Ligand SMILES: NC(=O)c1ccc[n+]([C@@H]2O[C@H](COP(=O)([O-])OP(=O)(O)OC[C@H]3O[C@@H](n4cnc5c(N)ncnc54)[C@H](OP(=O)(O)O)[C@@H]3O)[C@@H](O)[C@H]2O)c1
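Taking the form predicted on its own, here's one chain by itself in structure tokens.
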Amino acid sequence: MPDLRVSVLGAAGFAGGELLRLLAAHPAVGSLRAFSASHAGRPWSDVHLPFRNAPGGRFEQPDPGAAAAADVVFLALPHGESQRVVPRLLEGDPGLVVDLAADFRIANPATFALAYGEHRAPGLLGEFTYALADVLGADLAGRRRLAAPGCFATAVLLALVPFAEAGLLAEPPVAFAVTGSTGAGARPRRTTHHPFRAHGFTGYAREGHRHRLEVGEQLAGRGGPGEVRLLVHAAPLVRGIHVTVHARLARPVPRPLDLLAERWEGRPFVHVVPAPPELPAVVGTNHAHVHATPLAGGREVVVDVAIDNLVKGAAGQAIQAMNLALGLPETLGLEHSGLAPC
């Protein structure tokens, strides 16, 4: 087992905290450094409560040069910051860089600009692999620059990739997606403040959620339409994502569960379940539960997916991709059960 040196930039946020929690217990991680501009010098336990029950370190002032001395660097920075940091980080030639933000998920600079504005380092876009770990699997071996998919995008793609690859998506599908408050980040705001969120259910990003563009690019690369209609909602949950996708099919598929089971066979974290998934079964885990229901004699399908937004939709998938890139067992450090009935 290797003795990996790992750095996490942006380690004080929710995704950064999940990275620290999972990496601290990862059998292949020998040393772990956490960088945060807002919490430099403070113990991890001041920010992330799990480290009040386990050993932890102190946050360091962000320093791309120091971070690059690691074998693996995770970036859990706000959107837009990774593209500013990565050029300096790559000067240190770290073995593996995994970005959890959106900065390198979209390969086409013009498409990226539609959602996020002009890219500061467009020449680096092509160097990053869109690391949807459950789809690429062993194809991630040896990759050195990884862009972890968005949380909504992960759930929607797990629903649609089997149908896109089979040439079955006749038109852009529609995805109704619900997320918990941790998806909005650690900084308090009206949409996450408990008195407003606890009994609310709100649609947002009606002009088009940004994750739809990475979904469209990935579907187009797998034989599907280059567009998805993504309708997102904020629910009175802390963590978790539930997605229901409706798609019209190019030809009837009376047993879509069989198609899902064949595509996801052997993938350790994707489970095709016999009934629509229950979110508490996956919260706190790197697992995804997927179910499909045929409609109109199989000419249409409804696919339900449940994942944890902070693990499968962020830190867990990033570590799964790290494992695959480094030739480690894919499930290493990720084989814990969930939090149900929480």
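All residue numbers refer to positions in the sequence shown, first residue = 1. What you are looking at is a predicted structure, and each value in this text was computed from that prediction instead of being measured.
Same protein, other form: the form predicted in complex with the ligand, not shown, and the subject of what follows.
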Where, among 63-71, 296-304, 282-290, 33-41, do residues come within 4.5 Å of the ligand in the predicted complex by heavy atom distance?
33-41
Which one of 78, 208, 126, 109 is close to the ligand in the predicted complex, taking close to mean a heavy atom within 4.5 Å?
78
Answer key, the ligand contact in the predicted complex at 4.5 Å (heavy atoms) among 157, 133, 243, 151: the residue is 151
Contact with the ligand in the predicted complex for residue 218, defined as at least one heavy atom pair within 4.5 Å: yes or no?
no
The ligand contact in the predicted complex: residue 178, any heavy atom under 4.5 Å
no
Residue 182 within 4.5 Å of the ligand in the predicted complex, heavy atoms
yes
So in the predicted complex, does residue 101 come within 4.5 Å of the ligand, heavy atom to heavy atom?
yes
In sequence order, which positions of 12-27 have a non-hydrogen atom within 4.5 Å of the ligand in the predicted complex?
12, 13, 14, 15, 16
